[in-house]
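Single chain ahead, written as structure tokens, the form predicted alone.
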Amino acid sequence: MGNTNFHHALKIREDLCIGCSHCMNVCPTEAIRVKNGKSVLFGDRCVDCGECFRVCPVSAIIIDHDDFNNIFDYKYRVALVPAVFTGQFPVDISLRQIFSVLIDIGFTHVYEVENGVEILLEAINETSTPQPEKKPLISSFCPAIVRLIQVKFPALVDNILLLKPPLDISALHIRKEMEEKGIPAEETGIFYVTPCAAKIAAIKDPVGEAASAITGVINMDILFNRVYRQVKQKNNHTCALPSGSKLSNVAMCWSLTNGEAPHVKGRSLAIDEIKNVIEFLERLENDEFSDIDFLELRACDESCAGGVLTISNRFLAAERLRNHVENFQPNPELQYPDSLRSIYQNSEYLQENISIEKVYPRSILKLDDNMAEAMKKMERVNRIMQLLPMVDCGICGAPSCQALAQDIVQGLGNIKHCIFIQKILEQKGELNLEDSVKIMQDIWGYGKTNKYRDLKGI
């Protein structure tokens, strides 16, 4: 089964958390509880989708990324830039200007992530048609979706396409190219500019491979602001780089919704936003769909354009990238852009190393390693749920009655945490008011309960 815990980019700052439960209520895998007035993350359930980060009203949820100054630990410093990063900038700022500033602030090379798309697309379409029980193939592009399937839909892990995403393909190519130039591997640092937390987690703790070819991860939010300020300060005509070639039309939109699906053979569907994905996968598990060959699943609305670390409105960013495609005038004398020609020179090496190992489930539904004991626990969960009100109010500090029942069976909760059960026990004389208040304090903290002690005059 491998490791039981994931590396997580999302962290909760206890000193800032006010225990408002916003994060608990939006988490799609029920990975958050409230205890002693603070949010607590269950690491085995979290998929780093970032929904909690979006809704926290006090910025108590942070994303753990590498310090920008880490790039200077390397002689050769490569910025691995996704198309959605350039899509954050207004249309009057060119790729040439953006990349020039990246060189000015410390990188020695700038490389676009989606150059790896052409290699990947060939591999996808060369993949043999899966057996009926393994249809549809599910894209491995979005790491939050891969983790979601591991923890919430373990029966579907064999459907995951065991191919590296363009990010990893491009990183492999860069390392190979640097080595061919005689540059020692330890002198090259490859830093990905990420639009989301899930890709940070995937680089630090990759699924299906021992280690990533990428050295570190730079927060897109922070880097955008730094680059944008410098672009505006510079003379628009003063650039360190000459005009370069653009990504192919397919590559430019690969990270957007419907970026993959139209280019894969067979019947393909594209679904974005994690709740939509969960709904679809639940129905897929129940065999409600047939004759689907490929699924492009993305955790964010508008895919990477809607990542939690992006700046621009996701719809405007997606529009800019699609407009780049529509307005692109290819050079008839140039069959491939320079960067694409370079990656094709390494295509044999990349194809040999494009596969990842089998992905294993990490089910949050597994109550015990021993099957007999797990069945007993499941029976107990069902009995407890019959006693609970099934209103999913969250006052117990868990996101649902089912989650509370599972916590009780695992020794992480108590049935007295349910406010309805408390009132019944108070009526029966089996629980006094002081004990009831103490239970609420253990969940929501002393401050929230203490301020309501004197309600006179209200």
Partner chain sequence: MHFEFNIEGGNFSKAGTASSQLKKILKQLNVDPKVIKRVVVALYEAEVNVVAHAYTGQIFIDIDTNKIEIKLVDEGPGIPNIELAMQQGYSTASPAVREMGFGAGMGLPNIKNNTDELHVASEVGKGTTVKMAIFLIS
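Fair warning: this is a prediction, and the values are worked out from it, not measured in the lab. Positions refer to the first chain, counted from 1.
Below: the form predicted together with the partner chain, not depicted.
Of the heavy atoms in Lys152, some are within 4.5 Å of the partner chain in the predicted complex.
Heavy atoms of Gln406 reach within 4.5 Å of the partner chain in the predicted complex, making it an interface residue. In the predicted complex, the partner chain stays beyond 4.5 Å of every heavy atom belonging to Glu179. The partner chain in the predicted complex comes within 4.5 Å of a heavy atom belonging to Asp369.
You can rule out all but one of 312-320, 207-215, 137-145, 370-378: in the predicted complex, only 370-378 has residues with a heavy atom within 4.5 Å of the partner chain.
Listed residues Ile105, Leu365, Ala185, Val91 were compared with the partner chain in the predicted complex; Leu365 is the one with a heavy atom within 4.5 Å. Between the partner chain and the residues Glu285, Asp221, Asp301, Glu122, the one pair within 4.5 Å by heavy atoms in the predicted complex involves Glu285. Residue Asp158 is the sole member of 158-174 found to place a heavy atom within 4.5 Å of the partner chain in the predicted complex.
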